[in-house]
Each structure stands twice: as structure tokens, then as C-alpha cells.
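One chain comes next, on its own, written out as C-alpha cells in the form predicted alone.
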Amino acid sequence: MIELQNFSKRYGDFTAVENLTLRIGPGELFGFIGPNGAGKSTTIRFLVTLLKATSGQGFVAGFSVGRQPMDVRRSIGYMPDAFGVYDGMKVWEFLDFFAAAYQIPHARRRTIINDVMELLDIGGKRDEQVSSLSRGMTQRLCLAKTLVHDPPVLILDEPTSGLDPRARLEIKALLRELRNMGKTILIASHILTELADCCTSIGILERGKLLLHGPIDDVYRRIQSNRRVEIRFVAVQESNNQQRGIAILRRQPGFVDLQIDGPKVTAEIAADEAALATIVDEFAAEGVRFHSFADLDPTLEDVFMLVTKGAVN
């Protein structure tokens, strides 16, 4: 649904994006990750036909960004990182304005607007002035206007920026619901925790270069050279239960390090599934008791730090 082929954008001697090649398939929720200034917004502005490429090309929903811009615009819902609303308009009037801009017939607009407001849970604000809405409701309204023409592709630049924690959770839930409806979604953010639990795939961009991309589980596996295991030991002081468990961890062939936080111990071990099972067997053989034994997945922060340090080629 979204494809970039050797896309580059230069401003004089400054290269904002260099030879970016990427494909986002139908139904994906793709997280575009990178610090401010990495080139995310430049890439997005090209995809939504607001910026010309220095070299390379892009395609959205099968249409060429450079040669078929009007078809691309009809195929996308774009939510920029900064946007305004028109003072003096009510919520329904704001949505009606954009529906008219997309040439939706007047007879259909009322039904479409009601459906979109219901989906975004802003029906109760229908007759309120857009200028009176909270930041969270304004974000919902902007997302609603991207949906009035029912585009197959959504391109969202920092959609949770400036929101409180509750509003961020609500926006993420909406994104998951939109993906379940069949939308292909590209969401750019520099806040890693915003993307970890809702994206199907990610790409990491820094200084204009795409360092790593792919399905999120595959990316995790690629950077996970060691296993991180969290064990919560039963507090049995008279038998030195936790100390005996720690001794077992330390004598493992792949032991690297561990951290102790009360009854919780997090160990880093170069081990496969069989080696982890051996640790559990040794606990049982020596009478070490524990509440839980969890093989921890890496976080997006782990991925980003390793990739940007050159740990993954």
C-alpha cells in the first residue's frame, strides 16, 4: 500500500533523507521511529504530495506520488504534526467542510459525518465550536476529518503529541480499531512507548537513513543476542532460597549479569530455550522456590539504542 524506492531529499548541501527504500503492506500499522530531525516528517510530506523528491519515487495505494498526486490524495487520510481548526465553525460544520472538499455528495454527507463522529466518540460535541475543544478532542476531530472520504491509507505524523496519558491510550485504541477495519496506517513518532504495543511493524530512521525495519517480532529477535530472564523468588529466609537461586544463575555457562530488586532478580544470559529449561530443572532439583520465571522481550528502547549504536547491520 505504501512503497518508497531510493527516496532522497536534499536542501543544498544538507541531506534530509538519503536513499530510503521501504514497503508497507496492506493492513499494517507501521511505526516510523526516530528522533526529531531524523527525516520522518520530510518522508511523510513527500508521500502526501506536499514535497518533491530530489531523487527516487514513491507509491501509495498503487498510485505514483510524483505522477498521480490527485489519486494519491484521494487514497490517503493525512494528519500532520501541527494543525489548526477554523474558528467560528461547529464540529459538524468542520467535518462537512472537508467532506465537501472531497466532493462527497450533499445527500450522503450527514450520514458519513454521523458515522465518523460515532467512531471517534465525538458525537456529543456535534454542535460545539471547534475552538472550544480540548487538545484531546481536537486530535480526535482532526483524525475524524481524515476519515470522511474513507481512505484506505492513513498517514499520521505525531498524532499523540501533547496529549495527556488517558488521551494517548484512547488514540492508540482508535488506531487499533482502524487497523481492524482494514486501514493501512503509517504513524510517525519520536516517543517509543507510543508505538510498542500497537504496531505490527516498525522502521528506525536516524539522520535521514533507514537503519532497520520489519515486523516488530522479527526486529526484536534480530537484536536479542542475550536473553533477559526475570525470576521472582519466594521469600524463605531460613533456607537462603533467593541466594541459592542466584548461585544457580551465576554458574550457568552463558551468565552475563544480574540485577536484584527485593525478591525479583533479572538475569542476562546467553541461552536458548533448552538452557532456560535447564535452569528451571536445577531450581527444582535444589529446592529453590519461585513465584514466576519470565523470559523478557526487549523493548523498543533497547532496539533503538542498539541499532543507532551500530549494533545491528
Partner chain sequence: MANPVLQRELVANLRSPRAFALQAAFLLLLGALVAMAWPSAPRLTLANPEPARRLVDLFFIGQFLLASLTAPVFAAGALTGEKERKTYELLLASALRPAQIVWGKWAAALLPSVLLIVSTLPIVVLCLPLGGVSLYEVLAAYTALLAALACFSLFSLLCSAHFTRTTAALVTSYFCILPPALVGVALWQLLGEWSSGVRLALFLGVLPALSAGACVLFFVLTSRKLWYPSDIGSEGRDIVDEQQELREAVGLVISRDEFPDRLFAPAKRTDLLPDDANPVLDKELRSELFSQGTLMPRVVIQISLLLAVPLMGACLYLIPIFAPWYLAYVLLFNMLTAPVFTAGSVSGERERRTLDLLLVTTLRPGTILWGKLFSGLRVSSVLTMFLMWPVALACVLVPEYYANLPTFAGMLAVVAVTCIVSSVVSLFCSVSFQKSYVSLTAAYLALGCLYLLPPAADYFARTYLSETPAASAVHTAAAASPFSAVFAFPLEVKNPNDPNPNAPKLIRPADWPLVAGYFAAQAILVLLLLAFIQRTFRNRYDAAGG
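Every value quoted in this text rests on a predicted model; they were computed, and no experiment measured them. Positions refer to the first chain, counted from 1.
Same protein, other form: the form predicted in complex with the partner chain, not shown, and the subject of what follows.
Student: Even though the partner chain is not shown here, does it sit in the predicted bound form so that Y86, M89 and S132 each have a heavy atom within 4.5 Å?
Tutor: All three within 4.5 Å in the predicted bound form.
Student: I'd like to know whether F233 contacts the partner chain in the predicted bound form, with contact meaning heavy atoms within 4.5 angstroms.
Tutor: Flag for F233 set to no.
Student: Given that the partner chain is not shown alongside this chain, does L29 nevertheless sit within 4.5 Å of it in the predicted bound form, heavy atom to heavy atom?
Tutor: Because no heavy atom of L29 falls inside 4.5 Å of the partner chain in the predicted bound form, the answer is no.
Student: Looking at the partner-bound form in the predicted bound form, is T49 within 4.5 Å of the partner chain by any heavy atom?
Tutor: Answer yes; at least one heavy atom of T49 falls within 4.5 Å of the partner chain in the predicted bound form.
Student: Taking the partner chain as it sits in the predicted bound form, is I104 near enough to touch it, meaning that at least one heavy atom pair lies within 4.5 angstroms?
Tutor: Because a heavy atom of I104 falls inside 4.5 Å of the partner chain in the predicted bound form, the answer is yes.
Student: Which among 277-285, 240-248, 261-269, 49-57 is in contact with the partner chain in the predicted bound form, heavy atoms within 4.5 angstroms?
Tutor: Going by heavy atoms within 4.5 Å, the stretch is 49-57.
Student: Would you mind picking the one in I185, I113, C199, I204 that has a heavy atom within 4.5 Å of the partner chain in the predicted bound form?
Tutor: When the partner chain is considered in the predicted bound form, the option within 4.5 Å is I113.
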